[in-house]
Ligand SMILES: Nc1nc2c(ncn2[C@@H]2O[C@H](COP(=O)(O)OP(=O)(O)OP(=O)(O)O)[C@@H](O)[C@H]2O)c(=O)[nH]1
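Only one chain is given next, in structure tokens, and it is the form predicted on its own.
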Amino acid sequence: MKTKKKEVKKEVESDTTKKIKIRIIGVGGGGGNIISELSKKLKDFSTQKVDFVAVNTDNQALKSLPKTVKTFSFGNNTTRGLGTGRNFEVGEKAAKEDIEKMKQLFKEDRDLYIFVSSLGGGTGTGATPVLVKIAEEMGLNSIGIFTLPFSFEGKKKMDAALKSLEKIKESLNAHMILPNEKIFSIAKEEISFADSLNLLNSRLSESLEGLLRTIYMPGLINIDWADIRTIIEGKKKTAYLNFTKAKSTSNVEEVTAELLKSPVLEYPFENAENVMFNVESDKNLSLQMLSLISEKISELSPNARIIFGLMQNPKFKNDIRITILATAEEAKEEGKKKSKKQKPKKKPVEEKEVEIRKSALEIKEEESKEKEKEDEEESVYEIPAFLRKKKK
């Protein structure tokens, strides 16, 4: 009998366990460094559920990554195992050269692929558009997380990053942009450059951890993979992912302000189509606080479908942790272009009409002067020939 009970319990557990598999791919040196940090901070999630893969042409850079990250080299014929020299054209060429090899990254059965790149350099900027295109052609679910260069790195680097981003968007379900410039809003003046980048990585890892907990941990009101897929389905969507923690007795205004106004992300909540938020707390969390948080989100996203989840954890005594994921279609520029076309133009014809319009008195005076001139010319020819010259 005891054996049977154990078998029943094991069967129930296997049914309730979420089997979603996610692969996080870091492209290039910057992307590899970011997922390297993420893999350390998200180590609680086993490699069976979430794995990290660094993709690069630089074999030396791949060797320096921790064991928590799998490595994948490409473009050996183009770069001979070296970097791309910050030349995105070389990165693109190296990726296109090994398209068949890169397809191996997607042959394992994964439900979601998350691409991470630092745009503006060589490998990430050139190879990421090729990689996401392969994922699109294979019909895979995909999200992109990308950083943009600092303004002090120059216009040329930013232009390369933005040009690459435009290509990347076409193939992804949704994407997030983390401008490096935003670091100044969260870093202290005396902080080092390396530590400032770690701050950005910490923000990102907290948000991703919140998303992974939402996907994998059972809840009183559960959010499943179908809900997540609904949030990201489509193309070229902008995404917002944020995480915050506070005391359950905290002011709701402050909690929602921190949740909905990320210092590293800009997001048009008024355009949001789908919003998912998941709350983790102990059993003492009040219904009023949940209602107020939902109301605040609804105010910002009046037309969005809102999906709500709740997890109860006795470890979070008087604490509340909230993760939010939202997606919106990109703002279209058609309205701006249309308004420019509708600007009134000057009509030279009307201006001419204004110039030739004269009063009756003016016309009469002109006619009188014209008649006097004609009379004068006629009188000249009435004078004898020998006197006409003198008269003139």
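Quick note: we count residues from 1 along the sequence shown, nothing fancier. In this text the structure is predicted, and so the values were computed from the model without any measurement.
Just so it is clear, the following notes concern the form predicted in complex with the ligand, a form of the same protein that is not shown.
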Exercise. Are L119, T123 and E153 jointly within 4.5 Å of the ligand in the predicted bound form, each by at least one heavy atom?
Worked result: yes
Problem set entry | Among 111-119, 98-106, 211-219, 230-238, the region lying within 4.5 Å of the ligand in the predicted bound form by heavy atom distance | 111-119
Problem set entry | the ligand: the contacting residue among N201, N173, S301, S164 in the predicted bound form [heavy atom, 4.5 Å] | N201
Problem set entry | in the predicted bound form, the one of K182, K157, K169, R321 near the ligand [non-hydrogen atom within 4.5 angstroms] | K157
Problem set entry | Non-hydrogen atom contact N278 with the ligand in the predicted bound form at 4.5 angstroms | no
For this session: Verify the contact flag for G309: yes if a non-hydrogen atom of it lies within 4.5 Å of a non-hydrogen atom of the ligand in the predicted bound form, no if not.
Result: no
Exercise. Might P149 be said to contact the ligand in the predicted bound form, defining contact as any heavy atom within 4.5 Å?
Worked result: yes
Exercise. Does R86 make contact with the ligand in the predicted bound form, using a 4.5 Å heavy atom cut-off?
Worked result: yes
